[in-house]
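Given next, in structure tokens, is a single chain: the form predicted on its own.
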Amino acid sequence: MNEFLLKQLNDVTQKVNLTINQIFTQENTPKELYNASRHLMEAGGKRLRPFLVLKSCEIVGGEIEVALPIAVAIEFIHNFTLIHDDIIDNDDKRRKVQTVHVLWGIPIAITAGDMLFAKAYEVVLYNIDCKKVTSKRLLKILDEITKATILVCEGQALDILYEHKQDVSEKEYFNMIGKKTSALLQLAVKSGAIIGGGRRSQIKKLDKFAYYAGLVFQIMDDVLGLTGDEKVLGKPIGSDIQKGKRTLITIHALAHANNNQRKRILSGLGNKKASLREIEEIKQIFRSLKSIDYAITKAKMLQKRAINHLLSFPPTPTREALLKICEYFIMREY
């Protein structure tokens, strides 16, 4: 990762983690619930969404400290979705640690996720400096949080439903990831810009930037799920095949495969008992059809669209940080 970007991310992480530690104290009870709620946050994470909140606030001339509660609230929402996502997919590892439902059981995990969602609203309502943020802006941010969470739920539902649908189009795929992945990034930049007093035109440009950046992030996440280093990635390579995920790679391959290749792909897709050999055979078909290359090329094209929406902002270190984060989405290894 670029040293400039790494320092920027580390600065945001320190601020966000300090605030999280002030919210979650040793006195919180029952301890099992609170320990489960903060488990994934303590395991790491890049704090990308808080980063987008603070930098979007800064790029429109706002104060980072005023936006910090929003950044934490969105990190809570993100982790709420991760806990529930791990339950849905029955994943036992995330960020190289055991998932919440594995350690505390599904009932506590569901409750921990629900509480993080509620805590997000609590952080916004009781930690915003009302002397610096108007009630109109605050209500607008709460409205954006609500709408974005609904979109994430819709996207998650489509992701699940598509596992049982043989043919999913690219249009359907982009609609799904636009909701499941881009929506939270869009929420981050819009809420940051709103609390920073950004103009409507600035908020619109940041919104478009985050939408395309989110598509890039998800496409590359799908690529890493097939080609990444398992030790670095923190989850099994090829698990998306076993789960039957309709990624852009899978969609392209099914559209261009011959009858025999298509049959082999579908035999392993969604087969939780598919062997490592079967998964490797499917990956080889993807390579031969250049489906992985296609996905990467598509991601790079969308990355250019994202970047174009930032170029109208003055060339400042803040703009540079946002440009670097978009570049990182293509280059990342986990």
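Quick caveat: nothing in here was measured; it's all calculated off a predicted structure. Residues carry their position along the shown sequence, with the first being 1.
Heads up, the form predicted in complex with another copy of the chain isn't pictured, but that's what we're talking about next.
- Taking the partner from elsewhere, residue 173 is found to have every heavy atom lying beyond 4.5 Å of another copy of the chain in the predicted bound form.
- Residue 154 belongs to the set of residues with a heavy atom inside 4.5 Å of another copy of the chain in the predicted bound form.
- The shortest heavy atom separation between residue 135 and another copy of the chain in the predicted bound form is within 4.5 Å.
- Contact check for residue 147: a heavy atom falls within 4.5 Å of another copy of the chain in the predicted bound form.
- Only one of 255, 97, 103, 161 lies close to another copy of the chain in the predicted bound form, with a heavy atom inside 4.5 Å, and it is 161.
- Only one segment in the set 194 to 202, 224 to 232, 180 to 188, 78 to 86 has any non-hydrogen atom within 4.5 angstroms of another copy of the chain in the predicted bound form, and it is 78 to 86.
- Judged against another copy of the chain in the predicted bound form with a 4.5 angstroms heavy atom cut-off, the residues 167, 169 and 286 are out of contact without exception.
- In sequence order, 114, 115, 117, 118, 119, 121, 122, 125, 126 are the residues of 112 to 132 having a heavy atom within 4.5 Å of another copy of the chain in the predicted bound form; the partner itself is omitted from this view.
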